[in-house]
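One chain follows as structure tokens, the form predicted alone.
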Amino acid sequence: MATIVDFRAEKPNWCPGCGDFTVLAALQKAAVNIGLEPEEMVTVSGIGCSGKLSQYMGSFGFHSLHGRSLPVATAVKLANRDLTVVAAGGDGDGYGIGMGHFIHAMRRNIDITYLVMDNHIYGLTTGQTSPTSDKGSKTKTAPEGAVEEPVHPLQMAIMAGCGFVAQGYSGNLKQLTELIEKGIQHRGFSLINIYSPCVTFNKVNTYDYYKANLVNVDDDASYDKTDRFAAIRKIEEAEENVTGILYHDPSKQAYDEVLRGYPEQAIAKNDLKFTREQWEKLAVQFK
């Protein structure tokens, strides 16, 4: 049985205090708690500080292009449904250039767990306004304060039909580990947005800020996580400063379960040897 050590790869070189350390630790602990082996898992990342996750996680990994972690993760999952596939990115990667992929992966209900390390800023490129930067926040690209409204990924995910929507925080390793475990165990697309403070370029959305403002719905026995409209109301009431499983609907079938003719055996395990007749038939298509 694999241990945490088995899921360690390169030594991380994030800034000291970066929230991404906790995300990596939570992912490693979740994989061990579920009983995964490193060869049963693939971590796919995009570009940004979060993009290093696939190199630091001791599973199979793929460091893809900016905003492209979900298309790659989709291909991996559909080629080998036996693998546990985790996609990762930052708020700029996932909700900026990757926004189209985000919506369509949820709409198709691909069986992927998507971790978005949301620090409300472009950290790797030294502090520009990102899609989730608060209106009025001052950055290198908005020295007088951002004038655009931020995107609202939690509400967008719920309205797009995502069956598992949760939010965690890098200051709570225990809860974040549990959220990732449950996200992986959910059959279908699961979004876990994670407030992961950028200690270098964001001096507003800090650990102290989140400690003072976050509300944990997992501590509220009266909260009904199966009610999508109640989830949206709760998120808006808390101005998105909320953690826990916000919405869960396990009834929707995953893409590979409803795709007509999709083989039971993983495509990657099929015998790919061609007969001469099959080669000739294939070659005709490219003439």
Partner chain sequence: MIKDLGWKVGGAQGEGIDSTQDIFALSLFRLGYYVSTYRHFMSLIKGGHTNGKVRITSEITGHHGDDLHILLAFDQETINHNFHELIDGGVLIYDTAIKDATVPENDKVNICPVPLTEIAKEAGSPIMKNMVSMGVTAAIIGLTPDDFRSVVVDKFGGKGDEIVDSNIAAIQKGFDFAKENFSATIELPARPELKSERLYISGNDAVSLGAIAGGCRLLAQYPITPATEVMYQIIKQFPQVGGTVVQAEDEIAAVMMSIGANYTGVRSMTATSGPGLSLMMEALGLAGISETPLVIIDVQRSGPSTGLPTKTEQSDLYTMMYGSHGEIPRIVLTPRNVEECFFFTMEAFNLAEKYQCPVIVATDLYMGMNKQTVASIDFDKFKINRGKLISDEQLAELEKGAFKRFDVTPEDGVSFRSIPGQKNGRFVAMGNEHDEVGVEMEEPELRVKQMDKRAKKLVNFNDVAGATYVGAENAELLLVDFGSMTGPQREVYEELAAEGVSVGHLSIARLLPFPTEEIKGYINNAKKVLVTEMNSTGQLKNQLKQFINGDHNKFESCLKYSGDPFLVNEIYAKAKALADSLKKEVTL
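Quick caveat, the model's predicted, so the values are computed rather than measured. Superpose the two forms; the largest set of C-alphas matching within 1.5 Å is the rigid core. Numbering follows the first chain given and starts at 1.
The discussion below concerns the form predicted together with the partner chain, not included here.
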**Request:** Indicate whether the candidate residues 6, 63 and 68 are all in contact with the partner chain in the predicted complex, with contact defined as any heavy atom within 4.5 Å.
**Result:** yes
**Prompt:** Within a 4.5 Å heavy atom cut-off, is residue 52 in contact with the partner chain in the predicted complex?
**Reply:** yes
**Asked** So in the predicted complex, does any heavy atom of residue 184 sit within 4.5 Å of the partner chain?
**Response** no
**Prompt:** Wondering, does residue 78 line up within 4.5 Å of the partner chain in the predicted complex on heavy atoms?
**Reply:** yes
**Message:** Contact with the partner chain in the predicted complex for residue 230, defined as at least one heavy atom pair within 4.5 Å: yes or no?
**Reply:** no
**Asked** in the predicted complex, which of the listed residues (74, 193, 177, 205) lies with a heavy atom within 4.5 Å of the partner chain?
**Response** 74
**Listed residue that, although the partner chain is not shown, lies within 4.5 Å of it in the predicted complex (heavy atoms), from 242, 245, 42, 30** = 42
**Prompt:** Which residues from 95-112 come close to the partner chain in the predicted complex, meaning a heavy atom within 4.5 Å?
**Reply:** 100, 101, 104, 108
**Prompt:** Rigid core fitted, then: does residue 11 show a CA shift of 2 angstroms or greater between the shown form and the other one?
**Reply:** no
**Request:** Note yes or no: does the Cα of residue 278 move by 2 Å or more between the shown form and the other one after the core is superposed?
**Result:** yes
**Complete:** Shown form as baseline, in the predicted complex, CA residue 260-residue 274 shift of 3 Å or more puts them closer
